[in-house]
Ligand SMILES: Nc1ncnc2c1ncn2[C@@H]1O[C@H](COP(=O)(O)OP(=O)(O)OP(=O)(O)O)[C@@H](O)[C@H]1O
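First, one chain by itself: the form predicted on its own, in structure tokens.
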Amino acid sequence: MTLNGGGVEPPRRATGLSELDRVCGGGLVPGSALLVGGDPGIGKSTLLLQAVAALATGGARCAYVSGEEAVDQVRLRARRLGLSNSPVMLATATDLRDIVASLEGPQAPDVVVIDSIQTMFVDSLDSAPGTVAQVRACAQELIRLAKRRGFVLLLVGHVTKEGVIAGPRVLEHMVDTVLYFEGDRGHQFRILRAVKNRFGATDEIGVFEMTDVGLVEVANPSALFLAERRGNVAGSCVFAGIEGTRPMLVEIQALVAPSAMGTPRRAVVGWDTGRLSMVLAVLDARCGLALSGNDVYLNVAGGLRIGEPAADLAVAAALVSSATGQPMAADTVVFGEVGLSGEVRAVSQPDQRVKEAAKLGFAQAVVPRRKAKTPLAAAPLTVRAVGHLQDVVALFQGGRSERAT
């Protein structure tokens, strides 16, 4: 056997939810095991019930096994979501022996949902359901059965107060795909993020909106995240980011205010607190802006959490805008990584970021200066290339930033 030997692309089963298919790499692969984690009440069961209902309506044999709710409770949710007519097989069980016996039948389902893996138990073990031994044994038996019979296994996993999936860490190694369902209860948006995927790209995201009739897919997240944005407000900046393979524009809001306490307050929502401290230190040491004695509040609007360093420059621009009282031009997007010496470093996929901004009507982009001779791909907007954080500060002090096209 060699790497260039004959083989075929694993078949995909479309769920009918394009955002879920995107995160999974194009659909569900028969014989694969997926683990879906998220905070209580975030919508994990709703998402999977909608997915199996769509699959069953399309002709797939789907089974939904609940260890937390009675069959009537699942039916009530299905009725509320308008899915009552979907031919999904329902069962309430926690004994793994009974579940395996049902799935071993002559008409095994194509897709199986286990909600949740922490409620399952093997009677050969003395420990209680949810313990490390029980979760490992139940998951191993179900995954082995799924790969042998060729059905898609969807496991719902509880999370701890730290936000990681409860149980043994080996559980995430055993499955083929690990998905986290994220969201702020104060916002209607929900983010499905792949942190592991043996059949597709990691860090891919799908965006949903929680409504009274279930989860609705968001085809254009950038427009939705910017829908309530007000232009010409000091402390606001639009960041052109990349989530997986998808360019996404979000508003970053900053407020710099005098501190009434000896220790200034730092409050961050949607970004890394340590990264904010670094950007503030660089603005202080390299640009002469004394912000360390002020209270600083930073928020990523819409409930999205940003993890890439490319947001450094947008955060710095929002901070400088708030500190000087000068708003960033409403038709401008910003992206770039900031180094400790104040230099602005290049980031990945700048062309996709600029194209997404142009598609949404933005006229300017503040980007890192490229050392290479190849410029950004032609786009119907003005590109301002900056090499140091002082160039961004100059934009709010009447100075000029170097330009490139």
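One rule holds for the numbers: they count along the sequence shown, beginning at 1. Owing to the predicted nature of the structure, the values given are computational and were not obtained by experimental measurement.
Beyond what is shown, the protein has a form predicted in complex with the named molecule; the following relates to that form.
Student: Using the partner position in the predicted complex, report whether Glu228 sits within 4.5 Å of the named molecule, counting heavy atoms only.
Tutor: So Glu228 does not count as contacting the named molecule.
Student: Quick one: is Arg80 in contact with the named molecule in the predicted complex, heavy atoms, 4.5 Å cut-off?
Tutor: So Arg80 counts as contacting the named molecule.
Student: Would Asp39 count as a contact of the named molecule in the predicted complex, using a 4.5 angstroms cut-off between non-hydrogen atoms?
Tutor: Yes, Asp39 lies within 4.5 Å of the named molecule in the predicted complex.
Student: According to a 4.5 angstroms non-hydrogen atom cut-off, is Arg136 in contact with the named molecule in the predicted complex?
Tutor: Flag for Arg136 set to no.
Student: Where does the named molecule sit in the predicted complex: which of 249-257, 207-215, 101-109, 144-152, heavy atoms within 4.5 Å?
Tutor: Among the candidates, contact is made by 207-215.
Student: Only one of Gly67, Pro350, Pro368, Gly43 has a non-hydrogen atom within 4.5 angstroms of the named molecule in the predicted complex; which is it?
Tutor: It is Gly43 that has a heavy atom within 4.5 Å of the partner.
Student: Find the only residue in Arg286, Arg275, Arg193, His158 having a heavy atom within 4.5 Å of the named molecule in the predicted complex.
Tutor: It is His158 that has a heavy atom within 4.5 Å of the partner.
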